[in-house]
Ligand SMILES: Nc1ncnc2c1ncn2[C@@H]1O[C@H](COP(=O)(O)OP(=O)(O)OP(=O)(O)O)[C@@H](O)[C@H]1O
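The chain below stands alone and is given in structure tokens; this is the form predicted alone.
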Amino acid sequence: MSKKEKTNDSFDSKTMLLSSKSSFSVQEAYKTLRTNVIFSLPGTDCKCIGITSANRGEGKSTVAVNLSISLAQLKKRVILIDCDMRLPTVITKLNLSAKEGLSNYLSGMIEELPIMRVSNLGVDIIPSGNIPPDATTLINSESMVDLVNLLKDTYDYIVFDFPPINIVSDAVLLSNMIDGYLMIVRHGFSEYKKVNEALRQMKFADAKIIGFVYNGKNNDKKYYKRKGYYYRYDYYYKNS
């Protein structure tokens, strides 16, 4: 295990969930992210937001959960789908447990939608379910398309926590249904070449990237520069 991999364990913890006890800077950062997402995806119809990263350990699942919570704070109807069926972490971060979920529904093992209502957060969750032998096939199935279309009738926002782009192709398989993707990059961990490769794959799939979330940086410096691009310490947002 490399030194970088060792640093992953403490990064995505339940203690980083957005709440009234979160620091002022964290709360404001998510409000800014929420506002930019809303303005980037105008209209009153349901919006599908894909959250992904180049590789594991960037903090994408934490951002997916916290963005969902932040949208729900506006009294929006929000559902978060854990599409990372190989290494799911959403319900763990929320200190929940589930025996069934997305994989079970898409494979036809259950007929009822496996929606968990987290009333204290105002967010509904579809957990990943049991680890399937071929998650990519399930994500790319007609059942997944039907599920998304069904959820659009009920929710204002559907947030998808996808696997990392450079690990598997799941995130881009639904690019024709995703209104906008957020790419998560982590300070001191993400590598330029790997992020660039992920962006290349997303561009090839004609995926609409609406912004980047740059996290894991202390507040002592607001900006740093790399290869001509400036990144804000907490959230750098750029319309595509």
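Heads up: residue numbers just count along the shown sequence, starting at 1. Every value quoted in this text rests on a predicted model; they were computed, and no experiment measured them.
What comes next is about the form predicted in complex with the named molecule, which is not displayed.
Asks: By the heavy atom within 4.5 Å rule, which residue out of 122, 114, 132, 164 makes contact with the named molecule in the predicted bound form?
Replies: Only one option qualifies, and that one is 164.
Asks: Which pick from 34, 194, 47, 56 sits with a heavy atom within 4.5 Å of the named molecule in the predicted bound form?
Replies: Contact check passes for 56.
Asks: Indicate whether residue 18 is a 4.5 Å heavy atom neighbour of the named molecule in the predicted bound form.
Replies: Residue 18: no, not in contact with the named molecule in the predicted bound form.
Asks: Using heavy atoms and a 4.5 Å limit, would one call residue 76 a contact residue for the named molecule in the predicted bound form?
Replies: No, residue 76 stays farther than 4.5 Å from the named molecule in the predicted bound form.
Asks: Is residue 107 close enough to the named molecule in the predicted bound form to count, meaning some heavy atom within 4.5 Å?
Replies: Residue 107 lies outside the contact set for the named molecule.
Asks: Using a 4.5 angstroms cut-off on non-hydrogen atoms, would residue 190 count as touching the named molecule in the predicted bound form?
Replies: Because no heavy atom of residue 190 falls inside 4.5 Å of the named molecule in the predicted bound form, the answer is no.
Asks: Can you check 81 to 89, 124 to 132, 142 to 150, 97 to 105 and let me know which stretch has heavy atoms within 4.5 Å of the named molecule in the predicted bound form?
Replies: Flagged stretch: 81 to 89.
Asks: Using a 4.5 Å heavy atom cutoff, which residues in 182 to 213 contact the named molecule in the predicted bound form? It's fine if the answer is none.
Replies: Sequence-ordered list has one entry, 186.
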